[in-house]
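Quick setup: one chain, the form predicted on its own, written in structure tokens, and binding and motion questions come after.
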Amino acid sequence: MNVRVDWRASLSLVGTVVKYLAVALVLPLATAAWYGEGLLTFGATILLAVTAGTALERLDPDPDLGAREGFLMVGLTWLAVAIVGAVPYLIAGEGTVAAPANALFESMSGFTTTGATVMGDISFDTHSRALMIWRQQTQWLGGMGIVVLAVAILPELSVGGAQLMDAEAPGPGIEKLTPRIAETARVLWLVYLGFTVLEFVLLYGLHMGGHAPNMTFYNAVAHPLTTMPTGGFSPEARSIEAFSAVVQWVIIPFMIAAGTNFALFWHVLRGEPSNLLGDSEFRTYAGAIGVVSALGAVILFTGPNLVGPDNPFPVAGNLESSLRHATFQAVSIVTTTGYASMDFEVWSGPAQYVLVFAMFVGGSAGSTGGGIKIVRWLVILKSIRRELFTTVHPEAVRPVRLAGRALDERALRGIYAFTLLYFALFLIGALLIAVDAARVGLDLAVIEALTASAATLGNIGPGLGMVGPMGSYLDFPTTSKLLMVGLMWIGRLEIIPVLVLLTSGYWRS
């Protein structure tokens, strides 16, 4: 069989990204220097990234990127950065993330913005501040897309950049905001950076004003790094529950913004707010959050036994608390951020079912959110309505429209196929996790296996039971952790590019 894919060109560009990942490691290196924690961990990782990246680059000094090479480059890049990102956990040797499988799990969870953790003890007693800021930073790098970032700042990727960005977000395509794709990538990253800085200013301002005692400078830097990518990692073991109510209210709109198509914000900045308010996907997204929040608030307000052991304020019968926690969790789950304002393990069954339903909603196209995504549900609902109409009126020609444009049948088939594959992988993942748990004698409930699969495939993070918001994935056997590493990788790339790489037609001439 003649291989038609120029794998040397793909690996060369993967090497370029890995080499420049060393630049991102300067922040944790500086953090280590600031806190006097030793420079070996990140100094050695920088050396490794530069050496390995340069070696891969030399496989093809002048890579020519086609569509096939783009798929391979994007898929391998996400694996490569996760592997390099695991190195600091291994060298530092701190806590449970020092084991190889755990380090890879934590790194892949970071870059894919999943937010699932295998840290047994999330504290500065066990982990250095530098390692914790690296954990936060991996999510920020992965949020808008590490390949999109590479296209934005590396001139060698400007040619073929559109193919790479489509391969990284193959579902609803990235809107081309400017004539040059590299300029579009820079615009998206600037909007992303702007929200991150604004959130930092507000959070630290609350601290300086005496309204957020625990929101120190470190925390004010760390949390925007995981809010805007809808990541959910927190250096606090109790997540956002560790902070005051006003902090929780402030973070909610930033999570909503992170789950919104970033191209719409560009239009708002250009004085065209109607593009945001009139966008059908955004209205559906806002409506879904509103419905899930309202249902949760009603259940919490009227439900029994809703006071957590570490929650100083009662929820049942308290309107502000019920509304805040329901809205926070609804937004966190719908946008796949994975933060928690309280341990929803203490919620009643119906309230938890609402959150499980929300796991399958997802953010908007062009956002940092994961999951199935609102636009696909919107198209599916429109397709169902068309089928009902044409059943009654068989002579009618009624295309499915989105934003005023008729979608061709190929695009519709793509959305149907993605949704079918998503649910198939979710069920297969849950089955394999349950079987593997039974193999090693781990007492795992069905809902825990289901939500572990949904939370990793959808890049959500927390599930229910042992993988709840205050729990971790530490107790799973190594085989299940590696399976979930694969689910996070497939989920971040939205399934199709990974499956394409597994077909013989992709490789043969």
Partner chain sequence: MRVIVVGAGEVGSSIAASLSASHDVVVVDRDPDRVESLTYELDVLAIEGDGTSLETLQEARVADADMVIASTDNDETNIVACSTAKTLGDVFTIARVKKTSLLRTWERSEGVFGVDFMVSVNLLTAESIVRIAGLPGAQDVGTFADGIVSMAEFGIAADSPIADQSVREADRFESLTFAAILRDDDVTIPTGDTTIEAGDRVVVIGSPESVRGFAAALTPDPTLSEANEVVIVGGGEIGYQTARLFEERGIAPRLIEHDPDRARELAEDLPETIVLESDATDREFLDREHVDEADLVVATLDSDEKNLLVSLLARRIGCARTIAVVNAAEYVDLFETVGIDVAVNPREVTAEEITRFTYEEQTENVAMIEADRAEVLEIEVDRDSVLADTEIHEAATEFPEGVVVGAITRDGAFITPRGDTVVHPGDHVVVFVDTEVLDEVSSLL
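These numbers come from a predicted model, not from an experiment. Residue numbers count along the first chain shown, from 1.
Separately, the form predicted in complex with the partner chain exists; it is not shown, and the next lines address it.
Residue contact check for residue 407: one or more of its heavy atoms lie within 4.5 Å of the partner chain in the predicted bound form. Among heavy atoms of residue 399, some come within 4.5 Å of the partner chain in the predicted bound form. Proximity of residue 394 to the partner chain in the predicted bound form falls within the 4.5 Å heavy atom cutoff. Residue contact check for residue 389: one or more of its heavy atoms lie within 4.5 Å of the partner chain in the predicted bound form. In plain terms, the part of the chain that comes close to the partner chain in the predicted bound form, with a heavy atom within 4.5 Å, is 399-407 out of 336-344, 126-134, 186-194, 399-407.
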